[in-house]
Ligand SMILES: Cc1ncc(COP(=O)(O)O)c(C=O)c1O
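Only one chain is shown below, in structure tokens, and it's the form predicted alone.
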Amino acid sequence: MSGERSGADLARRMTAVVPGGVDSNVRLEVADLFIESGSGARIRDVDGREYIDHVLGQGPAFLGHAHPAVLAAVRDAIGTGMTFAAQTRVELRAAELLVDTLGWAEQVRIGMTSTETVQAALRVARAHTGRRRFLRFRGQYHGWLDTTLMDWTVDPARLASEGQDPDAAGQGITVPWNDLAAAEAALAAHPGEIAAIITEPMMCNAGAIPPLPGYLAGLRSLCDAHGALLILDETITGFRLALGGGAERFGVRPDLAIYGKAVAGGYPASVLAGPAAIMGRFAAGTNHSGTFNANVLSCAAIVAALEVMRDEPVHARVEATGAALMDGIRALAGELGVPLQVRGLPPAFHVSFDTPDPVVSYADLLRADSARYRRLVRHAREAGLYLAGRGIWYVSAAHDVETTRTALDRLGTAIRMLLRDDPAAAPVTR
């Protein structure tokens, strides 16, 4: 296609009216890409190019793009209105279904984004414990607001944005992931100060690094011993790693958990879940507000997505497909002689140009050649495979044997293109 409908022309027009041409800084690396539509495991851009999609909107399309059941539920709901400054039947149904599905939680609050829901979790943790600070882990992302956003690449205490409030950022104490002794030392060094430990159950947003055996149970014990709450940020892992998320997969019971992305089948929604003794504070002095919280369309999407995940063998399919894809990438890398490390779990894994050495913390990630991987991602896009530049691969219920075969073929094309333009891509040595 050409003229004013082409992606290049739309990008020029977008840049004129939107800073950087994007409405989220995460998209700056694809500011020239305009998507026309998505269906299942495929997306199509405005120039007619089709891609196998392993970005999935940065994770939300766990069931695949435009899942028929979710679309039908939203279509049925849209004619009733959006938000009424009161409650709706579908909101109640979504809340009851969430509590029943999670099993461990007694109450939920439904919001719009995990960034804000993380702040609600931290606020209610401070209210419940009477403490101000929280413990976090280097490399984990808990939203873009001042209290949580950090630049982990150079210094664990370095702010990530101009204009960020250093006092707000200073509420967090940072320690390495998968280092239980470091977490214990931090709690001991700040007695009576730490309201909560907040962590992804698997370090997913950066590196897809699973917890070491016993690590999450150790964090649970530390929280119990020091009077802090354990907050699981399941924005990515929730409903993806298992129906009950990382809490189910790794066998840990949080005090609070944040859910997003997969919870509404691609529609905007987030959830904070916990016991009534903590969650009840929102009705007794701890503020949590939002005009579009629990709106009709998001709640309809939550109900539909949860019903699909409960009634169909979604997670078994994703596990099988993701495992085959991981094995296929490893085999392809070996065949072509490139040092790609594939790490994580089948529903969400990470690929990088790296040595075979284990990756257990964010510091280990820094040895990878991320610039070379981003060049591979650009070639993959030319070959019709849509990947995230930071290395995460998401697998949906819509991916299957055919999409895996096609993705591997296109990845092979991309690797050959990279080797042609950058012979140094093979192999990396220490």
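So that there is no doubt, residue numbering starts at 1 and follows the sequence shown. Treat the numbers as computed from the prediction; the structure is a model and nothing was measured.
Not on display, but discussed next: the form predicted together with this ligand.
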Q: Would you mind picking the one in Gln164, Thr88, Asn205, Thr286 that has a heavy atom within 4.5 Å of this ligand in the model of the complex?
A: Asn205
Q. Pick from Val271, Ala301, Ile231, Ile236: which residue has any heavy atom within 4.5 angstroms of this ligand in the model of the complex?
A. Ile236
Q. Out of 291 to 299, 344 to 352, 109 to 117, 75 to 83, where are the residues with a heavy atom within 4.5 Å of this ligand in the model of the complex?
A. 109 to 117
Q) Does this ligand get within 4.5 angstroms of any non-hydrogen atom of His142 in the model of the complex? A) yes
Q.
Lys261 versus this ligand, in the model of the complex: is there a non-hydrogen atom within 4.5 Å?
A. yes
Q: May I ask you to check whether Glu200 falls inside a 4.5 Å heavy atom distance of this ligand in the model of the complex?
A: yes
